[in-house]
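Shown next as structure tokens: one chain only, the form predicted alone.
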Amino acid sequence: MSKVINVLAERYASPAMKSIWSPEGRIVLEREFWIAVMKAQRDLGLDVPSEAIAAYESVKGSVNLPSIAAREEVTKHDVKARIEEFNDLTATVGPKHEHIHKGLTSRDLTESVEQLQVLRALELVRLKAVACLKRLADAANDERDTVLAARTHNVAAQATTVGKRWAMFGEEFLLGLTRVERHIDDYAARGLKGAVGTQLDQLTLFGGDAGKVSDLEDRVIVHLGIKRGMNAVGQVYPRTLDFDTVSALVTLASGPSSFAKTLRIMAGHELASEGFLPGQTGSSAMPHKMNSRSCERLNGFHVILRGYLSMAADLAGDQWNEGDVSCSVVRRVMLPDAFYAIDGLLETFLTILNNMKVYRPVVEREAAHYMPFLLTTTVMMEAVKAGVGRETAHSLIKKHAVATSDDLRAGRISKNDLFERLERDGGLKLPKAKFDEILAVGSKEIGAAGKQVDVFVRTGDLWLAKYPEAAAIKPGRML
């Protein structure tokens, strides 16, 4: 029988992200967790022999998935199967031991390990996002002064710069990065709460010593690397925490998705491209095509993430009593795959940023074609300063702009002569010299665009200074 693969993991995710969520990696994390609990229990007075801990440590990396699966076929309980497997492995290095999972319920184990996986995955996502942010800031700086015909409602509006456009999408990306950072800082561990959240079994083990039970939980949370623990939870931690996790990933993905969609539009007008590698083929039928396939893929990842957010939303607020496992099948898919999707998205984003091109001559031609239209708000403000009513000026400019646009579209004229028409009309009370000045200055100095790019570039530098290891992040091989 052919092996069924996880497409997100095998085709798009990086080895580092797959390692966090792989079945083998998870089992090793579980075993390390059991060992950490045993060590803490021993230190707090329980009878856990040092040779037992040593035996468990010596075999924690021996992962036999078929053997565990065979046990689960019998027990119909995944955690019980893994307990039996780990205990029996100690018999391969000496006498068999049964010291793991004392006072624990399955959710003490699985919830804790899943939270550890989430936290490690979030930290990897943050690092890759910082790498993308820095590269986007560099791209914005490269095109800081490249004047572009900006569009609202996909219609030419005012002048901007390519760098300012990149910084605009970077600003949204920053919202997502900040959201991920805040979520990591606020992330809370469920801890060791027992079957229904009362810690009854741990209290029984320690003879009712609540101080030792609290100390045990604190040590476990330190092992997980999580900054704080939850207090009064049931068998499971609130699934709103999973919703916050996936929501943070969607927020992070949104800036790159808008960027990719706009780059696709720009590529269609030959203003820019995501790059085209040697040997790459855009179409099996049309040899000239150079599709924005990576941008399309990135937009697809955003759709996938929004789907997982819907799944997370359905679990939030759906807890019965102290907990149940109806969420289990959803979370087994949702959590790892959401991280595979954001990982693939960031890998793709970084690849695009490394390879994309801006075709300045085409950008300049388009800007020159639209420039009189792009400067109509400046003309209107100058007319107001000359004593013309704002609405009067607006109406007059609109009349001539529409006529000019119609003539250009019909081929009756080849050059945008809006300013000449406005000057001849005379209703704006502006001399030819003023129109010449508006055109000369307005086509070079684009409001606060340059300063906004500078602030964005400095922000990228600050994030890189905070996480310098991001500088070494390189995208992997992309299909």
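From a predicted model like this one, the values you see are computed outputs, not experimental measurements. All residue numbers refer to positions in the sequence shown, first residue = 1. In this text, the rigid core denotes the largest set of C-alpha atoms whose superposition between the two forms falls within 1.5 Å.
This protein has a second form, the form predicted in complex with another copy of the chain, left out of what is shown; the following refers to that one.
A heavy atom within 4.5 Å of another copy of the chain in the predicted bound form is found for exactly one of 144, 223, 264, 102: 264. Between the options 175, 91, 368, 384, the residue in contact with another copy of the chain in the predicted bound form by a heavy atom within 4.5 angstroms is 175.
Heavy atoms of residue 74 never reach within 4.5 Å of another copy of the chain in the predicted bound form, leaving it off the interface. Using a 4.5 Å cutoff between non-hydrogen atoms, residue 120 does not count as a contact of another copy of the chain in the predicted bound form. Contact annotation for residue 5: at least one heavy atom lies within 4.5 Å of another copy of the chain in the predicted bound form. For the chain shown alone, residue 405 is a contact residue for another copy of the chain in the predicted bound form, at least one non-hydrogen atom being within 4.5 angstroms. Comparing 121-129, 134-142, 231-239, 81-89 against another copy of the chain in the predicted bound form, the single stretch with non-hydrogen atoms within 4.5 angstroms of it is 231-239.
If you take 314-331 and check each residue for a heavy atom within 4.5 Å of another copy of the chain in the predicted bound form, you get 314, 315, 316, 317, 318, 319, 320, 321, 322, 323, 324, 325, 326, 329, 330, in sequence order. After superposition on the rigid core, the Cα of residue 313 moves by less than 2 Å between this form and the one not shown. Comparing the forms between this form and the one not shown on their rigid core, the Cα displacement of residue 65 reaches 2 Å or more. Core-superposed comparison between this form and the one not shown: the CA of residue 106 exceeds or equals a 2 Å shift.
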